[in-house]
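Here you get one chain, nothing else, as structure tokens; it is the form predicted on its own.
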Amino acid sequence: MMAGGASAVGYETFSHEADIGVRGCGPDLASAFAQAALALTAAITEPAAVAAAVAVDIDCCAPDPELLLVDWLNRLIYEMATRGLVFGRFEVAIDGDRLRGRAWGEPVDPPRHQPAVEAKGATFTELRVAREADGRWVAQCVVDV
């Protein structure tokens, strides 16, 4: 969850009509993207309840950080949908316009994970990737559920 201070790292979801906003914060862009991914998981299930049994590598490339965030989250949604997984741990490295990430998770177990929603896609609604005045990075958008 969110914490205060210039090096704050955390995630949160926020209401947006029938959809769900996801927001990640961190001391650098990669941390904010990893936290946004945790917020995506938190919209579905409790991230701490997800075992890191399977690792999936994800590479994305986009001309600016906002498009890169949408691509990253949509790749995660695609991998969860096609593999029947839910992710609970993320590692992200960003170099210019390229993101290299790894997501760890496990097959969805409905009785245990009790998924609240099915994420369908990250959107451009409320899309924002920026460095705040306090130095932390924020990465957010609305996810269609």
Partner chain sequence: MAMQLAPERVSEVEWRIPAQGRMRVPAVIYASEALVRALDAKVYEQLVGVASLPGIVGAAYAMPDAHWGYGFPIGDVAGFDPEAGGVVSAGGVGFDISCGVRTLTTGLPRAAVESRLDALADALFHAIPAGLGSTGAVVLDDAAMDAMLAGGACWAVDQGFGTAADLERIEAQGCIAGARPDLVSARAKLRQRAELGTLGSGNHYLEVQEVAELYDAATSAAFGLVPGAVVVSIHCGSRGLGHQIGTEFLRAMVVAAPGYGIALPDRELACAPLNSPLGRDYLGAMRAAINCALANRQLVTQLARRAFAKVLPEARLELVYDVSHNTCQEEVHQIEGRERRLFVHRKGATRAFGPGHPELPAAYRPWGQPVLIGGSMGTGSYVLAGMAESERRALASACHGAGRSMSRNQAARRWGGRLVVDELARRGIRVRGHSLRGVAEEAPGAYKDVAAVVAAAEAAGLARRVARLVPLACIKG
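Residue numbers count along the first chain shown, from 1. Model, not experiment: these values are computed from the prediction.
Here the subject shifts to the form predicted in complex with the partner chain, a form of this protein not shown in this document.
Segment assignment from 98-106, 48-56, 28-36, 80-88: heavy atom within 4.5 Å of the partner chain in the model of the complex: Within 4.5 Å of the partner lies stretch 80-88.
Can you work out whether Val145 and the partner chain are in contact in the model of the complex, taking contact to mean some heavy atom pair no more than 4.5 Å apart? Heavy-atom contact with the partner chain at 4.5 Å: present for Val145.
Does at least one non-hydrogen atom of Ala130 fall within 4.5 angstroms of the partner chain in the model of the complex? Output for Ala130 is no: heavy atoms all beyond 4.5 Å of the partner chain.
Does Ala43 reach the partner chain in the model of the complex if we count a contact as any heavy atom within 4.5 Å? Heavy-atom contact with the partner chain at 4.5 Å: present for Ala43.
Taking heavy atoms only, is Ala119 within 4.5 angstroms of the partner chain in the model of the complex? Ala119: contacts the partner chain in the model of the complex.
Can you tell me which bits of 61-99 touch the partner chain in the model of the complex, meaning any heavy atom within 4.5 Å? The stretch 61-99, when checked against the partner chain in the model of the complex, contributes Cys61, Ala62, Pro63, Asp64, Glu66, Leu67, Asp71, Asn74, Arg75, Ile77, Tyr78, Ala81, Thr82, Val86 at the 4.5 Å heavy-atom cut-off.
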